[in-house]
Structures are given as structure tokens and as C-alpha cells.
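Listed next as C-alpha cells is one chain, alone, in the form predicted on its own.
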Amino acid sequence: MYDRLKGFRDFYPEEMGSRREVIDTMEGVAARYGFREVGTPALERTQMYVDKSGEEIVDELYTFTDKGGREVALTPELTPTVARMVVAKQQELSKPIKWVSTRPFWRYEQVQQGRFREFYQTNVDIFGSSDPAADAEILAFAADALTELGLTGDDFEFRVSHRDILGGLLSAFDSDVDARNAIRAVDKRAKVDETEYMRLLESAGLTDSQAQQFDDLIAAGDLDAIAEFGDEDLAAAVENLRNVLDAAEDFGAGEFCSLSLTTARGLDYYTGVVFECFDSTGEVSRAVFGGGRYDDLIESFGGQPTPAVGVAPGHAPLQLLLQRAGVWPEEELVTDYYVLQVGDTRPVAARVARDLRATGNVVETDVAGRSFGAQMSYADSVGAETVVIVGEQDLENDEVTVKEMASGEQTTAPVDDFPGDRDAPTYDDYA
């Protein structure tokens, strides 16, 4: 008996059906916005992640040397891969580039609620536009996907921030402050106690009083005061954030957005607007997902300067939110028809099943030579709404029996007229 690996999951048909409904909904919304699906590899060169995030990232990766002597890793995220893809065909691709992808990723990290070592995300990205409308469209896609899944504004909020505002404030205090580590401290603000948070800011180069003033400014979120605190670059970042929020309002996502400069996103490649989605009730205690702008990544991968912005809803934490709100799709098997065979009736039963499938129905029939009772039990177990009984005695009368499983009512129908020109015939059509 083999045990499942820690941090990896099995999905049986009932749960997989619910997951598929969520994935199809998100991808359907993305398609309506014009995002085109891409496929990406499970393996990339380890060095790609080291160059982006530093040597310490290797401890979080599933890495190995392949048979060709290459150091490779199972992909822990999609952004570097799609950046590589953009660079490879940058001159051929029409701008803006709008891509969507749903797939698994792998990180060797501590397993906890909503976080696994193999996890699934739907990534949605726009490359080639620095306009605030691009940021707003990403927010609007995310809002539309969540509301189409059954959530409302009472269930979630987008906490919107701007990395250049945080960096500009830090530079205004002291140009020698390590902005990278200070922003990482902000990202940990809600996860550590106040003493530890202040210690992290001070270790990044702020004095005790500067750390307190910096935190007061970002906690208050007074954009007018912040714009006046620094130089023209800081004022421009404030203006950019305002423009994104205005565009999000026009795009229908404004009601879900709240200003939150204490939101920082931990990844170093973010450059502008960033946001995280949270459960409004606080019952899901961690961010459900996040996104933001990463304008420098394509250039750092050897491409032409290309602005980019994206979002990546993780399916595990999203499931927690949907379950908390009571809108997770019901985990059940759904079958439209079970075609039951009694005696030597397979040719007719197979024809009935083919005709029902041809009009888009989910149809099962016996493939194990089971008894009448066993077939009925199976039909019930897979949630069959209608059972079509094709028996030798029925066929002698040129009929089939149509049984409605919910009520137990049944009637007969002419075998040559079933299903006939009906896409989804039911008991009521013949009773």
C-alpha cells in the first residue's frame, strides 16, 4: 500500500466536478475579456528562478539534474515562464498580449490550510501596456470571475497598493534604506507582532522614529499627504494609483477595491500597483490570491522593455472562500441518462446511447454484463436522472421503458421514436 506524498492531493470525481466548474467559470470570464489560452512546460531551468529570486529560492523548489546534465526545476509559478515566452517571440506578438493558463505548480514548503506543495492556479496576464486601464482590466476580470462564481461584495475585497509609493516613501526618509527588505517587512506586517515588524524596518535602515512615521503614513493611506512627502516620482506613483482606481470604477470593479498601502506582495519583481484578495469576514485568514504590475521582468530576461500586469487566483484558497460563502459547487456526480440492458439487446441499447450523446447528454450504459438490479443501483449511484430500459420484452412490443429516477414513475416510448427529434426526452414527453 503506497501513501500519498505530503502536500499532494487526490481529487475524486465528485470534487473534480466542482473544481472543473470553477475552472471553466474563470476561464470563461477570461475568454470574454479576450485572454487567449497558452500551454506551458512543467520543467524549466533552475537558473531562471535563481536569477529572478536569488540562490535561496532553490530550497523551495523541486530541483534535480536531468539525464542531459541540466539543472531543472518543477515550475513554482508561471510569471517567469510567460516572460520567457514573450521574449522568445516579442517581435511577432501583437500588443497588448493577453494570456490565460490554468495548470499545477510545485513548491517545497510548509503545508498549511489552503497551501500545498502541488497547487493549481489560473494565471491571467497583460503584456505591452502601461496604461492604468490594463491594471483595471485585471481587477475587473478578477471581480467578474468571483461574482460569476456566486460571491458578492460582502464576501471579498481587493486591497490595492502601489510598490513605488512604498519605495518612494522609504527613499524620502533616507536614500540608503534597503527598500527591498523594508517592503518585505511591510508584507509581513500582519503576520508578526509589532515589535518584530519595527525591528525588521529598522534592520532595513530606518531609525526608530522613521519606522514609526513610515508605518503611520502607510496605515493612514492619505494619498495627498503622501504625495507631498516625497519627490516628483512619489507624486507620480500616487497619481498612477488614483488613475487605476478610477479606471477600476469605470470597469465595474471599484466597489470591490479598497486602498491598503500596508499591502506589499512579497515577490521582488512587482513594480507598481499590487493587490490582494481577502475574505471580507476574516474567516479565511490569509490572502485568497493576489496580483500586480511587473514592468521590469521582460527586460531582465533579455527582452525589450515591456510593461506587464497580471493576477493568479490559487484554487485551494479560493475553494476555502467559496465554501465559507456557501457557493462552492455541489460535489455530486451528474448523469443525464443510464441506458439499461436486459437480455440480448446491446445493438439497440448502443444506438439509443449514441443518439442521446449526439445531442450533448451525459449517458452511461452497461459495460460489465450486470444484472437488472445491479444496473439500477449503479444508475442511482451516478445520479442518473432518467433510466431508459431496453429489454427483450420491451423490444418485442417495439418499445423502451423510460423511468424518472426522482419520482420512480415510468412509462413506455416507441423504440423507433426514442430519442427521435428530441434533444433531451424525459418521462413527461411520453406519459
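Each residue number is its position in the shown sequence, starting from 1. Only a predicted model underlies this, so the values are computations on that prediction, with no experimental measurement involved.
Below, we refer to the form predicted in complex with a further copy of the same chain, which is not included among the displayed structures.
- By the 4.5 Å heavy atom rule, the three marked residues 116, 256 and 373 all fail to count as contacting a further copy of the same chain in the model of the complex.
- None of 129-137, 166-174, 313-321, 208-216 except one has non-hydrogen atoms within 4.5 angstroms of a further copy of the same chain in the model of the complex; the exception is 129-137.
- With a 4.5 Å cutoff on heavy atoms, residue 347 counts as touching a further copy of the same chain in the model of the complex.
- Interface membership of residue 96, defined by any non-hydrogen atom within 4.5 Å of a further copy of the same chain in the model of the complex, is confirmed.
- a further copy of the same chain is not shown here, and in the model of the complex it never comes within 4.5 Å of any heavy atom of residue 233.
- a further copy of the same chain in the model of the complex comes within 4.5 Å of a heavy atom belonging to residue 246.
- The partner is absent here; in the model of the complex, the one residue of 343, 221, 252, 153 having a heavy atom within 4.5 Å of a further copy of the same chain is 252.
- 334 is the sole member of 225, 327, 334, 192 with a non-hydrogen atom lying within 4.5 angstroms of a further copy of the same chain in the model of the complex.
- Taking a further copy of the same chain as it sits in the model of the complex, the stretch 1-16 comes within 4.5 angstroms of it through a non-hydrogen atom at 1, 2, 3, 4, 5, 6, 8, 9, 10, 11, 12, 13, 16.
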